[in-house]
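Here's a solo chain for you in C-alpha cells, the form predicted alone.
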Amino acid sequence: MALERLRLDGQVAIITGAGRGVGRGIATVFAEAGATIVCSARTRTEIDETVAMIEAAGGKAVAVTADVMKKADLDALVATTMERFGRIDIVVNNAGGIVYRPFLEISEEEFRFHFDWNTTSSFLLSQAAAPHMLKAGRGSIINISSGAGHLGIRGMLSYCVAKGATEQLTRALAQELAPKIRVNCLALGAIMTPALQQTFDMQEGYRDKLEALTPLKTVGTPEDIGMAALYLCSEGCYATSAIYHIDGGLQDTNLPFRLPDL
C-alpha cells in the first residue's frame, strides 16, 4: 500500500532542464513511477536523449524545446502540454545555473540575469501552469534551490540571492495556491552532474576535499533528488511551503577553495 502511494500513473509532469543532470534524474524516476514526462530544455539533442532513455525503460516521454528565459517559450511549453495530454499534474522548475564572479566584478546585467534564470523563470512557468492545475483541483510544483539559498558563499553572490528568492517564492506561492496545489522546494548540495564532474576533472583533489567537508562524506546523485521529488508529488503528501535540504548534512559551504579576503 505504501509503495502504491508513490505511483504517478496517468499523471503528466513538465520538467525543465531535463536534458541532463538533476533534471534527467527526476525525469527518469518519475517515468519509472508511471508519469508521462514532458522533457524541456534549450538543447534538443539532450532532451531527445532523456526521452530515449525513458522509452527504452518502458516509460512515456516527449521532448519540447524551450528557453526558460523567454516567457513566450514557457507559455508555449504549457500550451503544447495541454494540447497533447489535456492535463498538467506536476511542474518541476529545475532549470537554472551560476556564473562565478567576485562581488565587486558583478555587473547589473549579470545580477539580473542570475535572478531571471533561477527565479523569474520558476515564477513564470508556475503562473502559466497553475490555472490548469486549479481547474483540475490538484497539482504539485517543485522548485529546485541550492545550499547557496541559505549559505553566503564567496564568488556566488548573485546565485545566492536568486536561490534565496526561489525559496521565498516557494513559501509565498504555497500560500497562494493552497489547498489545491502543493508547492515545495529541494535545496541541493553537491550532486554528481556533468558540470560537477567537469570541476573534478579540472582540479585534482577537489572531489576528495569536497567530500571531506560534507558530513555524509560523499556527493549525491540525480536519482537521489528524483526520489525526494517523487515523495513531494505522491498521493497524500502532507507538505507544502517546505524547503527540503538534500545536501549530505551541510551546515556551511563544502567548497574546498574560497576567494581571498578583499
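So that there is no doubt, residue numbering starts at 1 and follows the sequence shown. Everything quoted here is computed from the prediction, not taken from an experiment.
Beyond what is shown, the protein has a form predicted together with a small molecule; the following relates to that form.
S.K.: Based on heavy atom distances of 4.5 Å or less, which listed stretch (87-95, 104-112, 175-183, 130-138) is in contact with the small molecule in the model of the complex?
M.R.: Only one stretch qualifies here: 87-95.
S.K.: Although the small molecule is absent from this view, report whether residue 62 comes within 4.5 Å of it in the model of the complex, heavy atoms only.
M.R.: The answer is no: residue 62 has no heavy atom within 4.5 Å of the small molecule.
S.K.: With the partner left out of view, is residue 43 within 4.5 angstroms of the small molecule in the model of the complex by any non-hydrogen atom?
M.R.: Contact check for residue 43: yes, within 4.5 Å of the small molecule in the model of the complex.
S.K.: Would residue 188 sit within 4.5 Å of the small molecule in the model of the complex, counting heavy atoms only?
M.R.: Close contact exists here: in the model of the complex, residue 188 approaches the small molecule to within 4.5 Å, heavy atoms only.
S.K.: Hey, in the model of the complex, does residue 224 get a heavy atom within 4.5 angstroms of the small molecule?
M.R.: Heavy-atom contact with the small molecule at 4.5 Å: absent for residue 224.
S.K.: Sort through 34, 194, 205, 215 and report the residue having a heavy atom within 4.5 Å of the small molecule in the model of the complex.
M.R.: Exactly one residue meets the criterion: 194.
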